[in-house]
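Just one chain is shown here, as structure tokens, and it is the form predicted on its own.
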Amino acid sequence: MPRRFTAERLVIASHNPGKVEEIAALLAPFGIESVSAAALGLLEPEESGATFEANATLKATAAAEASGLPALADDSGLVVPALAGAPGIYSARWAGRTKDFRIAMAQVHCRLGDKDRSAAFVAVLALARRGENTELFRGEIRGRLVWPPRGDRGFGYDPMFVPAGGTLTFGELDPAEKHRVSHRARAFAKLVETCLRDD
């Protein structure tokens, strides 16, 4: 049974500065102070799960156990039907050890060729509290991929993803607008409805 979140501080269980910034911005209106796993010196667990849900749970529970604080983790990625769902849970790994998403975007573009360029961003948020069940919230946004990439805002695959009904990539959108419509924002809205909203 979901339980209201009443703590004033939590760990954002990520070492990705872009994700940390985006999640912190979503939390700020609720008066929740956040600190990143990297700032606490927490190790990143191996993402050995086969789904976004499994990997988000691994990261959140590891951070909660190591820090003693509630932890919120995100596992997200780009899902391209024409590539059998790839890169999916391996989205970050396609960028290599240097986390160079120009390489990852070029891989997606080359593998697609003239195939259908529809795609979706998926995000799963996992909220873990020590000794309690982890709660999961999934958000998705559909769109299409463009080439060459456009815009220097956002992170990851944002410069090649145009949300359905839009003309600008996530890399071109104002950050406030992206926060309003993104897959992560949709997952966060479910978390708010379940755990943060005052009835």
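Don't overthink the numbering: it's just position in the shown sequence, from 1. These figures come from a predicted structure and were not determined experimentally.
This protein has a second form, the form predicted in complex with a small molecule, left out of what is shown; the following refers to that one.
(message) Does any part of residue 47 reach within 4.5 Å of the small molecule in the predicted complex? Heavy atoms only, please.
(response) Yes, residue 47 lies within 4.5 Å of the small molecule in the predicted complex.
(message) At 4.5 Å between heavy atoms, is residue 137 in contact with the small molecule in the predicted complex?
(response) Output for residue 137 is no: heavy atoms all beyond 4.5 Å of the small molecule.
(message) Within 4.5 Å, heavy atoms only: does residue 147 come near the small molecule in the predicted complex?
(response) Because no heavy atom of residue 147 falls inside 4.5 Å of the small molecule in the predicted complex, the answer is no.
(message) in the predicted complex, does residue 30 come within 4.5 Å of the small molecule, counting heavy atoms only?
(response) No, residue 30 stays farther than 4.5 Å from the small molecule in the predicted complex.
(request) Have a look at 64 to 72, 129 to 137, 148 to 156, 34 to 42 and name the one stretch with heavy atoms inside 4.5 Å of the small molecule in the predicted complex. (result) Partner-contacting stretch among the options: 148 to 156.
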